[in-house]
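Below you will find one chain, with nothing else, as structure tokens; this is the form predicted alone, and questions on how it binds or moves follow later.
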């Protein structure tokens, strides 16, 4: 087997575990016009040092205006692991800049470390929006990211209500301290903060309906295609829409190290890398949570 070439400043990493997320499924459907090796949630071993690591997925240029202010994940010239112009983690080996790597503490297993990247995206909500401890927050969606957001907000001290349709998945949020609600008709204009994590086009419209005047909707879903929205209630009620994507790894690693987030309950099945097509088919089934690919 030929190994990927490592440029100066890059590390060659043997993938240990990789997770399939909704973005990977959307890439299959044409999101970003992607071609190549997908996968961006992983734990791995640096070949040169045997150091276990996770890696930030945005490869920045280091020179543009966003890089200059420490926002390399918005770099104007970036590539993105397994998404934009850089081969991803659904392979035996990958490469990433050494500056993108974070050591995995010994308290975190290889499988748990797979969740660092999506958990960092959940933590980004708190970096972007001033949600105080005790604030009322609705999380719309009981999928993988919704559950990570709900647990993160509970750990922060927010009063969280998770709306979904799957009792088993909602139980994970309930154990974290959230209230749970199974309904197709959530209350209107009630919440100062609503996190939209349904993965559906209808989720944004529902999130806006649930948000009170001067409230904030945080958008976490990655959806391929256009989403229609009646902007009248957004304007009349002066609702803020905040797009939210990648986040800092340090807070996510610390939450996992301190055992404040239960990710093991979110693993539905494991497949060897050689059975990736079957793993993708399983990940696409309704109600399935995290599918883990194993490499040896």
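Positions refer to the first chain, counted from 1. Remember, it's a predicted structure, so these values are computed and weren't measured experimentally.
The same protein has a further form, the form predicted together with another copy of the chain, not shown here; the description that follows concerns it.
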* Asked: Counting only heavy atoms and a 4.5 Å cutoff, which of 267-275, 43-51, 254-262, 65-73 contacts another copy of the chain in the model of the complex?
  -> 65-73
* in the model of the complex, the one of 170, 101, 210, 219 near another copy of the chain [non-hydrogen atom within 4.5 angstroms] -> 219
* Does residue 33 reach another copy of the chain in the model of the complex if we count a contact as any heavy atom within 4.5 Å? -> no
* Spell out, yes or no, whether the shortest heavy atom distance between residue 128 and another copy of the chain in the model of the complex is within 4.5 Å. => yes
* To do: Mark residue 250 yes when one of its heavy atoms lies within 4.5 Å of a heavy atom of another copy of the chain in the model of the complex, and no otherwise.
  => no
* Closest heavy atom of residue 27 to another copy of the chain in the model of the complex, within 4.5 Å or not? -> no
* **Partner contacts in the model of the complex for 229-246 (non-hydrogen atom within 4.5 angstroms of another copy of the chain)** => 229, 230, 231, 234, 235, 236, 237, 238, 239, 240, 241, 242, 243, 244, 245, 246
